[in-house]
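One chain comes next, on its own, written out as structure tokens in the form predicted on its own.
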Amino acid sequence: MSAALPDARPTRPARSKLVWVAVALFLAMTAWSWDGIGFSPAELVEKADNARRIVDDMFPVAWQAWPVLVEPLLETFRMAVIGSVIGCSLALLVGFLASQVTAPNGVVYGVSKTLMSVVRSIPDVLYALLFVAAVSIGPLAGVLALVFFNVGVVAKLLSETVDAVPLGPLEAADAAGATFVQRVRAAVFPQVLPNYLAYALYTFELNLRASVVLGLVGAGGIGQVLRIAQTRYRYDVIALIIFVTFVIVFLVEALSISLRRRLS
């Protein structure tokens, strides 16, 4: 029997030439980018002394400046909360309108999808610069920037989640003559609610970190204190801000991860 059945392995399929083309394009793009920005590892070594001096200036940390940071930190936290609540609420509507499963018609779907893509394509820092120019320096500009940022991110994730829901409940709602609001509320929203809450919690984490950066361009919060400390070369205060921000973000992220695990 063993002689009658040859021990032949199947022929390995030939590797597509597109793989080598993709690798060549990747290497060419990397070399082009490397040369275009003049990236040089040797320059990092040459400027290591500057980085070492900055690190030395950070210690000892200015722990005595802690009382000054309390109110800006609270402002940063409030910005993240308000931006998350408003942004995620608006994203709930946009996400349903930007899904083929729940959009009332093709026009609404196309407009919502385009709007979502445009909003998502603009960085949060650019939003902050625009709103600082429009409504002046302060937390309002930061909140508005976070709202637009959240709408772009959460609506994108939610619309893709809605696209993947089982269609049985929707078909039952359509057979019963449900309106757009009724079919979304009864047939879709309960299915995507855990994912939506997880997206909202994750976005709140992002907002907390982004609020610090937005403050650097005048959008309020601890970022403004960080900018002042930078202009005065108070690296010991910067070290305190980094430490406090890290602790707060770490605690919020740990709580958010715990809650998301319970929702999943």
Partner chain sequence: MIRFEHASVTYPGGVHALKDVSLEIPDGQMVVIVGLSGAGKSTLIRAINGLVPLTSGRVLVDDEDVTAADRKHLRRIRSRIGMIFQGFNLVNRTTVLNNVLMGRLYHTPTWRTILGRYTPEQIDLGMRSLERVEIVEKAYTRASNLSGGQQQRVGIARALAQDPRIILADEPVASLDPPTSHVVMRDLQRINRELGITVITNLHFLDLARQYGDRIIGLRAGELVFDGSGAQVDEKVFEDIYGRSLTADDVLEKRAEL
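Positions refer to the first chain, counted from 1. Predicted, not measured: the structure shown is a model, and the values here were computed from it.
Same protein, other form: the form predicted in complex with the partner chain, not shown, and the subject of what follows.
A residue is said to contact a partner when one of its heavy atoms sits within 4.5 Å of a partner heavy atom; residue 191 meets this definition for the partner chain in the model of the complex. Looking at residue 175, you'd find a heavy atom of it within 4.5 angstroms of the partner chain in the model of the complex. Residue contact check for residue 187: one or more of its heavy atoms lie within 4.5 Å of the partner chain in the model of the complex. The closest non-hydrogen atom of residue 100 lies beyond 4.5 Å of the partner chain in the model of the complex.
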